[in-house]
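Take a look at this single chain in structure tokens; it is the form predicted alone.
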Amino acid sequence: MTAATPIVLLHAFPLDHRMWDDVAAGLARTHEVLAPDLPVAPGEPLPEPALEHAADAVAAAIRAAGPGPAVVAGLSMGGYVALALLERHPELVAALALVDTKSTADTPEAAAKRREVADAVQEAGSVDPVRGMPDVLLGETTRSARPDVVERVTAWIGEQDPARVAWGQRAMAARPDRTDVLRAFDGPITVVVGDEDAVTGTDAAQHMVAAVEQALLVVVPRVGHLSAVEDADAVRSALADLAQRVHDPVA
């Protein structure tokens, strides 16, 4: 592992690359960091709503950054894209961090709800149907004790393009179960979850750890679904340790 090997940070829904800013600032001292907006760069036309398109765009960004695979970290929707990347471009993934996410597909009911929200966003032409998501995304401790974080996440959501929000919901609704993709990966894996995560939670994290012998579980206390925002230092440390395991597998 060298300083030139990128660490790729894939963001959650309904946010953008800025949710990784605090984590990226620490990692950038030793690694090249890529934090693309999903599914494509701003201003580019949106593809059909499928996470595979986002994974292909991430693959192109990794290849453009230089030779060699990357450490890929995805939070929530970003984790779904990371698994799609692993399935479609395994040669580009040196190590994998799955943060507040899951490897399974939505239930039919959950997928239908996503499509309903996508339709509501598209019909409204605004992000109003998802504007209240900080109440779900952030942990109880953050919501009660850190109003600055609540305001920050709320502002980010309010600044999203409604078309991208609708795209994300439809793409996530259509994703398959990729537990077998995860199980087949023989590189280093870290699973990170906030102990107050009410969206995917510790059960989903334990499911992924059980699927892969070499996976390490990191439970971050007093944070919810956006652990990289709520406790950036803890997530940065987990990712730095993962990158070290690429260089030294016994670390």
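Since the structure is predicted, the reported quantities are computational estimates derived from the model, not experimental observations. Note that residue numbering follows the sequence shown and begins at 1.
Just so it is clear, the following notes concern the form predicted together with a small molecule, a form of the same protein that is not shown.
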Within 4.5 Å of the small molecule in the predicted complex, all of His17, His53 and Trp167 (non-hydrogen atom): no
Scan Val153, Met133, Val127, Val93 and let me know which has any heavy atom within 4.5 Å of the small molecule in the predicted complex. Met133
The small molecule isn't shown here, but in the predicted complex which of Val219, Val199, Ala28, Ala211 has a heavy atom within 4.5 Å of it? Val199
Should Ser76 be classed as touching the small molecule in the predicted complex when contacts are defined as heavy atoms within 4.5 Å? yes
4.5 Å heavy atom contact, Arg178 and the small molecule in the predicted complex: no
Please determine whether Val23 contacts the small molecule in the predicted complex, using a 4.5 Å cut-off between heavy atoms. no
Report whether the minimum heavy atom distance between Leu137 and the small molecule in the predicted complex is within 4.5 Å. yes
Which of 118-126, 138-146, 76-84, 155-163 lies within 4.5 Å of the small molecule in the predicted complex, heavy atoms considered? The stretch 76-84
